[in-house]
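First comes one chain, alone, set out as structure tokens in the form predicted alone.
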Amino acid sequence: MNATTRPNALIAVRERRTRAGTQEKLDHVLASAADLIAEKGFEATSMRDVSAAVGISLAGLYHYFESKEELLYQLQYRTFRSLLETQEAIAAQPGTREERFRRLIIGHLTFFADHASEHQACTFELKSLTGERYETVEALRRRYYRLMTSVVAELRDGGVTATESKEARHAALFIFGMLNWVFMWYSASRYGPMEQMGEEMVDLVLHGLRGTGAEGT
């Protein structure tokens, strides 16, 4: 490295470290905001509450977010984008239709077990977003719905149709209803690991209440 390029290289390293540090701080702010919103609700949570929780000035908080709605948008966008990217990677892995479905169910549950406050804030506060912010987050949610529906359709319809059937679309919505309400009752100490909950949910969807070997009455 010569005398000309060395300063530029050092500047690039410092910029990467600065960006990493800023990203880490932003992650901390959003995680703290998610805890407050999950506990108090979006309307009752003020920017002053968030600044106090994370230990930065109100002016410093507005450096990251121009408004409280922008903070909620960043929280929802980053959460759903991360979930979607994780689940798309899971769905792309090789395996049978049943294996892909099982991985998606357990992946969804374990993701939100690690992001419980974000899950609650995103579930209850989607309608608190307006305009383009709402549409951007809703587009991510639709992509995720289509991903789940495509896997459900492969299971239900055998992958023989060009488009998902109405029944497959409905089944995907039913499944999301189960998945997204788990945070209301789940406790690891009471119900066991989230992976176990996922396995039980998959078996319920694939085999019904009677179980695989049960006979009809």
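All residue numbers refer to positions in the sequence shown, first residue = 1. What you see is a predicted model; the values in this text were computed from it and never measured.
Just so you know, the form predicted in complex with another copy of the chain exists too; it's not on screen, but the next bit is about it.
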Report the residue, out of 44, 58, 26, 188, that has at least one non-hydrogen atom within 4.5 angstroms of another copy of the chain in the model of the complex.
44
Kindly confirm or deny that 39, 184 and 201 each have some heavy atom within 4.5 angstroms of another copy of the chain in the model of the complex.
yes
Would you check, heavy atoms only and a 4.5 Å threshold, whether residue 180 touches another copy of the chain in the model of the complex?
yes
In the model of the complex, residue 66 touching another copy of the chain (heavy atom, 4.5 Å):
no
Non-hydrogen atom contact residue 48 with another copy of the chain in the model of the complex at 4.5 angstroms:
no
Mark residue 74 yes when one of its heavy atoms lies within 4.5 Å of a heavy atom of another copy of the chain in the model of the complex, and no otherwise.
no
Using a 4.5 Å cut-off on heavy atoms, what residues in 93-122 are near another copy of the chain in the model of the complex?
98, 120
